[in-house]
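As a starting point, one isolated chain is supplied in structure tokens, in the form predicted alone.
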């Protein structure tokens, strides 16, 4: 079998790349370790930068997003029992973010790919990469008990942090940068109205909290918790009470609670792999980098990687290879700026196991942020997303 691009991973990164390539007339096949249902069952972020919306528009999968996505022109910070609004729209010259769940993005991409009759292989657990350091890379896997080999021009590694693509790169060719944080996020999803029309990021003496949403009737809430905690330790009643204790008084009184439909604990870490190209293998999304969810940058960084790779592949097939040569450097420039913002916001809003000096610095930084037009503008510029 032969195709132009083999995409490993059928999450939003791989499916978005596949759809963009298809619309450019570039043949591709998507391979996925898990089942379609498993991929759709992942509960992930839902705050989209304008750049990500643009990518979905280019892929012609933005119809439901335009209809159901929630435009947010601002975001709120809460500390000292007070909320402070940062006007993203005014401070960035008219930009905003859109709340639309990653699960819905994935569903839209899956449906578009199926409608186009494009090849997607699910539940292929034995994918292996070969000869990607040559001009004739190959991908092997098993289907229905039979060995399959795909010859291709390029391989796109969109299979996440634990996927086969980055693991196939010789360790001597790869440099990993990592920072782990000493806490996690306990998250709860519920069919209850959001406590506020915009996201609320909370710095409280009891720890961080986030009030987010997936729609006007479905809420997503988080509280900082120790890494030693397990989901079973957090009953719904305990979660709601802890969240209420961390909110400002007005928000706590307005909070509507209800049964959880999903709960999970996520550790926080920052990871970057350099470079992101190895011969004809290109890494994108979580295969190359992870950010703490504090700044809502994970899916958005993946989308910017995909946009950059798609444009570079288009140029290549039009006899202009320079885009592929610059892929890693272009992506990493934006990635490190997003890593910086996510690290800074994580450091600003969470309780750390340290003395009172760090806590005083947090408070001073928060007061400066909400009182300085320049500081708010810098926050807003990063939050809505920096250009590629």
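Residue numbers count along the first chain shown, from 1. Since the model is a prediction, treat every value here as computed from it, not as a measurement.
Missing here is the form predicted together with a small molecule; even so, the following discussion is about that form.
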Query raised in the report: Looking at 38-46, 352-360, 318-326, 62-70, which lies within 4.5 angstroms of the small molecule in the model of the complex, counting heavy atoms?
Result: 38-46
Query - the small molecule: the contacting residue among 199, 247, 105, 312 in the model of the complex [heavy atom, 4.5 Å] - result: 199
Query - Residue among 275, 184, 137, 293 with a heavy atom within 4.5 Å of the small molecule in the model of the complex - result: 293
Query raised in the report: So, in the model of the complex, is residue 222 in contact with the small molecule at a 4.5 angstroms heavy atom limit?
Result: yes
Query raised in the report: Taking the shortest heavy atom distance, is residue 190 within 4.5 Å of the small molecule in the model of the complex?
Result: no
Query raised in the report: If you check in the model of the complex, is residue 209 within 4.5 Å of the small molecule, heavy atoms only?
Result: no
Requested in this report: Mark residue 113 yes when one of its heavy atoms lies within 4.5 Å of a heavy atom of the small molecule in the model of the complex, and no otherwise.
Outcome: no
